[in-house]
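We begin with a single chain expressed as structure tokens, specifically the form predicted alone.
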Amino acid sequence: MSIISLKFNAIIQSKKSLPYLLLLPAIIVILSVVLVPLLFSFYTSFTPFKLTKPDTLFIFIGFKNYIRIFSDMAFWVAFGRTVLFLAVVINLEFLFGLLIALMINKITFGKRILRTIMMFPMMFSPILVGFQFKFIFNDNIGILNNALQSLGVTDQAIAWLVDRWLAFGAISFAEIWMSTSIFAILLLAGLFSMPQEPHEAAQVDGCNSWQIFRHITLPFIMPFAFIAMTIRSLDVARAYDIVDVMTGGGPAGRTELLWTMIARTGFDNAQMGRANAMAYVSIILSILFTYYFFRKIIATRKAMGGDT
């Protein structure tokens, strides 16, 4: 009897361990592809590693790279510009996405077609979007300047990608055009899942459209908005492709963001150790925004009486 019970227990244990054995190859691949490079880059941030001098990989200098970063005004200017870029882009994407979602939710015909069309911009590669808007905002052959001059709005070309704030607006516009649909889709999902009873009760009580939107619709869809903000904050904080294609961080660093500076430091200047230190400092920005929006999601769920 004891032999049978031992065999039975062995079969049960093998069945319990089977899922882990099946997942083991995927875990090994993930550790190899993600964890090993992550640990390597973290180690190099404590070295003066240069791509042109491989021997510097084995020189440990402690926190010198981080001290240089914290005392580098150019880094903090890029850091502040990235925060500003993130704040402008996310807020405008939310407003435009909310407007699009409300309009699509109101129509009664062709919702599926409009939802499909709405997703087109996010299907484009960021590099392709960068080249597209680089051509549109070009001061010599750009479509925008040609249109403005043809309409008589201006008699000379506007240097959209040279002026500090115009270039900032141009890259922000490109980012907003590409990713507003993320907000629109998630907010539209929130509107579709919203019960109609609170709206009907508010209408019976004599509330107008603005009051219904302000006190019923908006609080209900805010968790969906914060989810979209969390996703987009991670993307925008790592913005590189569009900025690099449209302006390259220039001219004279006027549109330099964190990741264009990191790429220039690591690859153009070959200072990979310092670039990795910058990257780990910039991760703090992503963590702070993610934590902020996560707390906002929990707060809105508590306000609506949901479980946390």
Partner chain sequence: MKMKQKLLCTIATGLIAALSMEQAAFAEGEFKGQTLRVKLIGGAQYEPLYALIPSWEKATGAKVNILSRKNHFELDREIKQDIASGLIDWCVGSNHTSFAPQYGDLYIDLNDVVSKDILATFVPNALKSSTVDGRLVQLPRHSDVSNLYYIKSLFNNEDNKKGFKEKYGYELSPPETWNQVRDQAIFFADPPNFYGTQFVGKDEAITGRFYEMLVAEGGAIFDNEGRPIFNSDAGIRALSWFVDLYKSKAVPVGVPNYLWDDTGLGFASGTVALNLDWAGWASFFNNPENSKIAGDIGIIRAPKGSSGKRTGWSGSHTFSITKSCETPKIAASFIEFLTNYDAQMVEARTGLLPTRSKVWDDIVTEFKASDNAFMVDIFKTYKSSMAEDAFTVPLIPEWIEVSNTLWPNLQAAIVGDKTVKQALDDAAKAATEVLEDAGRI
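Positions refer to the first chain, counted from 1. A quick note: this is a predicted structure, and the numbers were derived from the prediction, not measured. We call the rigid core the largest set of C-alpha positions that still match within 1.5 Å between the two forms.
Not on display, but discussed next: the form predicted together with the partner chain.
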For the three residues 51, 162 and 248, verify that every one has a non-hydrogen atom within 4.5 Å of the partner chain in the predicted bound form; reply yes or no.
yes
Per contact check vs the partner chain in the predicted bound form (non-hydrogen atom within 4.5 angstroms), the hit among 201 to 209, 103 to 111, 218 to 226, 153 to 161 is 153 to 161
Give a yes/no on whether residue 173 approaches the partner chain to within 4.5 Å in the predicted bound form, heavy atoms considered. no
Is residue 73 a contact residue for the partner chain in the predicted bound form, using a 4.5 Å heavy atom cut-off?
no
### Query
According to a 4.5 angstroms non-hydrogen atom cut-off, is residue 96 in contact with the partner chain in the predicted bound form?
no
At the 4.5 Å heavy atom threshold, is residue 127 in contact with the partner chain in the predicted bound form? yes
Within 124 to 151, the residues having any heavy atom within 4.5 Å of the partner chain in the predicted bound form are 127, 131, 134, 135, 138, 139, 140, 141, 149
Legend entry - Rigid core superposition, residue 260 Cα moves 2 angstroms or more between the shown form and the other one: no
inquiry  = residue 40: after superposing the rigid core, is there a C-alpha shift of 2 Å or more between the shown form and the other one?
reply    = yes
